[in-house]
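In the block that follows, a single chain appears as structure tokens, in the form predicted on its own.
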Amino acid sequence: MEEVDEEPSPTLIPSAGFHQRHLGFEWGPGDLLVYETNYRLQGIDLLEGNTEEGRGHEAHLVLCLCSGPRSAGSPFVHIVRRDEDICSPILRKLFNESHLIFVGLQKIREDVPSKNKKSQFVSVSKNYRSVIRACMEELQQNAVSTQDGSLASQYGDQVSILLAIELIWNLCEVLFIDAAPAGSLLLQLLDWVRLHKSDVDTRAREVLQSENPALHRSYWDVVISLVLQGRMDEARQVLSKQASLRPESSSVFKRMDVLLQSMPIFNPTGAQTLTEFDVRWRQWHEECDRCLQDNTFAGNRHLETLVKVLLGDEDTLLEQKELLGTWYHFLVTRLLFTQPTIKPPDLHYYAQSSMNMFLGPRASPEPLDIILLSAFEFDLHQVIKDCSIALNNWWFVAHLTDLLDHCKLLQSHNLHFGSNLREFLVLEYASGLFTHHSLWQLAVDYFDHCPEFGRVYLELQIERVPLDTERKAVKVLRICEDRQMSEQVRSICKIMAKRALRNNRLGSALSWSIRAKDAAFATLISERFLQDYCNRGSFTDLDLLDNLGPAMLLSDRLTFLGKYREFHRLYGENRFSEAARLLLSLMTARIAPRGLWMTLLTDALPLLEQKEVIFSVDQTYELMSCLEELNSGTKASNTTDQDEDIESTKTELLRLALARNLAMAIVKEGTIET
């Protein structure tokens, strides 16, 4: 996208610059943190508002890093957020519902014939507009019902923005997406004007429901307004009230009724060609001109004004500025009565001249006027650029550009850094969604449909999502796993494992470390499990430990923990022989840490004391060997005399039990051999 033609407006920060200090800043994904530094300003005052009159009120956002005399800084940190709409509950509905439309649009297959796709794209466009309308209506209801004046004003501002957005979108739908040809083009522009100039219906109801409609002060305004919008049947209905009231002028009103009724309207689905329609329209136009020249309506100034409107007299139309309201309504009315078969390439000339005539030489066009004029000039790139500058978020430009790109209307607009215009805007919009605590999930789908940089953005943004709860962490993790983002999966699991460990939730910590495939951390947590067992004499989180499966192979210590728990389970199920073999293998295979050998040998005591011989002669010798190896090792320097006495007692008990079991095993095995 090209550089902005003009400097952006300053962002005012209340109270910033009160102490005449430089401002520091820190960029965030969707906003900016600004704070006063300890450095005073030197020389030129960089903060506007620091004059004697303006000091302490508001300062322009000036970001600078300079050195100077130090002084005590301000304790305040200001958050500068460009997109405030993301915080509005009602507008969040707009984001949620448009997300579904966006995802559906991406599923339209490329191999579908263009003719069929056009109707699908028009349908998608109308769906987007219906969502905008629904939000607009809810905002209007809230503005009326709220007692808070500032909130009502905020709702009113949001309604105005949505009105402008829907107006622009609808025009783009007519000109670009539906691409109406000559004849149909004017009909769609009339519908566009009628939709966005709905106060005529309100006034018409007010007049018709009054006691005497023909004498109502807004009667003729309603008649002329209906004619200006090409609603001839409704205008005739209202006009009949006046005709019945004045029978002496019935012939004049009848003549006007015939002109309104006979005005040709092009029917795109009919058999009539555009040329035939043009001939009929010119004949009707000549008839209107003849009535004016014959002074048929000279006795009634309102009817005379009406016939001048039907002739498209520019001076008469401009006299109805208050009823028209906008230059683009003037444009469509002017085309209706002068160029009903206007072709799309000719629109720009009439649009520019209509705006100039309506606004006059002194008035300057508003940003909305410039955007609509660019649309009438078929300059899509300028429409998107101006909307990006004028609107306070990326929702509109991102979705409209995406739809136009699917219509193959933006192929020529590529950016210098590798991504096309559509992807750039979608990425910006999705990045903004990631700053919200719930809307970030929508952003994932937007990134998924940006083939160039979408994955890179997602990888960077997903790491910034605060993992407030385990449920949220699981959501984030599932997103990463579905997209094979292995680095992010490991990072999330490590964060959650460490958090669970700090809260002494060993089962959760172990589960997260296994998902992260972090052998070192799994070893650390396994040590904590074993330490807990030594202190309490029982394991916690049995469901997890009993169902480790192949995950226990992640580290030696975790393997030992899983097998040691299996030993306890076998023992609890009275499967003593299997338990004995497993216990012995943990020591002989050196899987068990040496510091736990005495604990394992102590666990063997109940098996050695059984009436039935559990350990064979060879197994008993192996246990005796492990006991002697343990006793021959270096003693820990920090053991007390009491600890040594306890260890000595355990050793004697074990030797006695092993000797008794050896004797019983020899007798048993000798008997079996005999």
Partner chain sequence: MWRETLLHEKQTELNNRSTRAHRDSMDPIAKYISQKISKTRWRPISAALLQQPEVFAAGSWDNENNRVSIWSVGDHGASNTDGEFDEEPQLLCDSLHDGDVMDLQFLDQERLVSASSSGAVTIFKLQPDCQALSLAHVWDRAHGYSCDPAPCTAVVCRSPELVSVGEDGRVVLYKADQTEVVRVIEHADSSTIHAVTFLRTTEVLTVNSIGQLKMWDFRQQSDSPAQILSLTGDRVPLHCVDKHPNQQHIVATGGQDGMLCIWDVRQGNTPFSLIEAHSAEMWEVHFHPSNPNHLFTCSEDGSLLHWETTSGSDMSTLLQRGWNSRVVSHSAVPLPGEDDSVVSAWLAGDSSRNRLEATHMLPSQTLSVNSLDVLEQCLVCGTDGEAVYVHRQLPV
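Since this is a predicted model, take the numbers as computed values, not measurements. Only the largest set of C-alpha atoms that superpose within 1.5 Å between the two forms is called the rigid core. Numbering follows the first chain given and starts at 1.
Same protein, other form: the form predicted in complex with its partner chain, not shown, and the subject of what follows.
S.K.: Contact with its partner chain in the predicted complex for K472, defined as at least one heavy atom pair within 4.5 Å: yes or no?
M.R.: Yes, K472 is a contact residue.
S.K.: Indicate whether its partner chain has at least one heavy atom within 4.5 Å of a heavy atom of R92 in the predicted complex.
M.R.: Yes - in the predicted complex, heavy atoms of R92 and its partner chain come within 4.5 Å of each other.
S.K.: So, in the predicted complex, is A551 in contact with its partner chain at a 4.5 angstroms heavy atom limit?
M.R.: Yes, A551 lies within 4.5 Å of its partner chain in the predicted complex.
S.K.: Taking the shortest heavy atom distance, is L403 within 4.5 Å of its partner chain in the predicted complex?
M.R.: Contact with its partner chain, no.
S.K.: N127, R205 and D468: each with a heavy atom within 4.5 Å of its partner chain in the predicted complex?
M.R.: Checked in the predicted complex: all three residues contact its partner chain.
S.K.: Which listed residue (L460, A589, L215, A134) meets the criterion of a heavy atom within 4.5 Å of its partner chain in the predicted complex?
M.R.: The option sitting close enough to the partner is A134.
S.K.: Within 4.5 Å of its partner chain in the predicted complex, heavy atoms considered, which of L439, L368, A180, L596?
M.R.: Looking at L439, L368, A180, L596 one by one, just L439 meets the 4.5 Å heavy-atom criterion.
S.K.: Where, among 231 to 239, 344 to 352, 316 to 324, 519 to 527, do residues come within 4.5 Å of its partner chain in the predicted complex by heavy atom distance?
M.R.: Heavy atoms within 4.5 Å of its partner chain in the predicted complex occur in 231 to 239.
S.K.: What residues, if any, in 501 to 535 have a non-hydrogen atom within 4.5 angstroms of its partner chain in the predicted complex?
M.R.: Going through 501 to 535 in order - heavy atoms within 4.5 Å of its partner chain in the predicted complex - the hits are R502, N503, R505, G507, S508, S511, I514, R515.
S.K.: Return yes or no for R528: a CA shift of at least 2 Å between the shown form and the other one, with the rigid core superposed?
M.R.: After core superposition, the C-alpha of R528 moves 2 Å or more between the shown form and the other one.
S.K.: Superposing on the rigid core, do we see a C-alpha displacement of 2 Å or more at R565 between the shown form and the other one?
M.R.: Passes the 2 Å threshold, so yes.
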